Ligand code: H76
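Heads up, the chain below is alone and in the form predicted on its own; it's given as C-alpha cells.
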C-alpha cells in the first residue's frame, strides 16, 4: 500500500501545476499594468510633423566641446586613455582647480559658418551640441552660473553663433544637456539626509532655470538630449523628470525629448515599470547598435544611436593612437545599419580647444558627405524594410515602399541573394547611380539572385528593387528579422 500512496500524493501535489499549465496562454501572458504617475505619457510613435522630421533626418552629428578640450586627456604630465570629457574624474581634479581652465578658453579659430558648411557637406540633417557637460561649463552666457563662456577671454555666445549658422544652412539644432553638474555645490549623487534633500531641491530649481533659459533664448531648438541622469538622486525624483519633459514641450511646441532624461515612480529609466518607452525616442544605444535579432522590437518605437570615431573619445583627446579609429566605410556601415533597423545615427566630433577640428575629423566628414551625396536616397526618410538580412549588407525602405539594397560585401558569386515574403516577387533591380538594370533570376520560390553591376563601383553601393505583391496579400513585409 505504501507505493500507491506515494504515487497518489505525488499526483495530488502536481495537480495545481498541471491545472495552471492547461490554462489558455492568453491568461498566462496577461500583464497587470502598474498605476504610475510619472510613467510614459503615450503608447506608440509620435506622428506629428516635428517627430516625423526628426525621424526622416536619420543622419546627425554630435559636437562634444568644453573645457576638457584644453588638456585633451592629459593632466600633470600624465595622459589618461579614458574619455577626455571625464578627465576631471580620472585625474581627481577638484572643481575649483578644473574651472581655472576657463582663463585659457579662447577658441580663436572657431568659425560657426565653417562648422555649419562642414556638417552640411557631410550630409548631417541635424547637429547635437553639448550646451553643458558634466563639468558644468556653459557654452552660452547663462545668468544662473558663473561658469560660462561669458567669463572667459572669448566672452561671446558660442551656442548662439552655432544655432544661427546651422539654422541658416537648414540644419536642425539639438541641445545636449547634462543634469549631473560637478561644479554645483548642491548636486548630490544620492539623497541620504534631510540636508541632502534640501540641497538637491535647490539644484533642481537651478536646473529648471537653465533649461527654461535655453528654451526661451534659442526657440528654434528641436530636441533636448539629456545625459548624467543615472544617479540615485535623479531616479528617486522621477516626478521632476516628468515635469521637465512637460515644461520644455510647453515652452517649445514640437520639441523632442530623449528617453535618457526620464525615470518613473519606481526609478525605472528609459522604459517605465510597465515596459513603455518614456520620452519620444530611445537613447540608450551609445557606441553600439541594437542586437540584429533580439532587439528588433525597436522598430516599434523611435530610437537613436550615437557613435565615436575612436573607440571611446567624445571630447577632444590629443592622442588618438591609444585606441582603434574607425574608417569612413565602417562609419557609413553603422549609419546604414541603424537606418535598416528603423533608427537614427549621430556621428560624434570633438573640436580642439582652438575651435578647429583635427584633420582626421575633417576627412571623415568629407568622406561621409561624398557617399551620402551619391546614395543618401537610401538613408534619408528610410526605415526598416522587413526583408530577411543577407550577408551582402542591408535593406532600407523609402516612404513610397521602394526597397533599397545597400551592398557592403561584394560576393564572389557575383549574385546577391534576395529572399521575399510569400506572395512578394522581385520585378526589377536597378543600380541607383547609373540606372543600370541588373539581371534578376528566381532560383527557388521567394528567393532570387540579383546580379552585381557590370563594373564594380569600388565602394558600398545601392540597388533599388521593384517589388510586386499579389492582390490581397497583406503580408508584404515580414516581422523584424535583420
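Residue numbers count along the first chain shown, from 1. All values reported here derive from a predicted model rather than from experimental measurement.
The next section is about a form of this same protein that is not shown, the form predicted in complex with the named molecule.
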property: Contact test, all of 85, 133 and 286, partner the named molecule in the model of the complex, heavy atom 4.5 Å; result: yes
property: Contact residue in the model of the complex, chosen from 230, 271, 206, 320 - any heavy atom within 4.5 Å of the named molecule; result: 230
property: Option touching the named molecule, based on a heavy atom within 4.5 Å in the model of the complex, out of 281, 176, 394, 115; result: 176
property: Residue 137: touches the named molecule in the model of the complex, heavy atom cutoff 4.5 angstroms; result: no
property: Contact flag, residue 316 vs the named molecule in the model of the complex, heavy atom cut 4.5 Å; result: no
property: Proximity of residue 188 to the named molecule in the model of the complex, heavy atoms at 4.5 Å; result: no
property: Partner contact for residue 64 in the model of the complex: the named molecule, 4.5 angstroms, heavy atom; result: yes
property: Per-stretch contact check against the named molecule in the model of the complex, the hit in 375 to 383, 220 to 228, 353 to 361, 272 to 280 (non-hydrogen atom, 4.5 angstroms); result: 220 to 228
property: Contacts with the named molecule in the model of the complex, stretch 414 to 446 (heavy atom within 4.5 Å); result: none
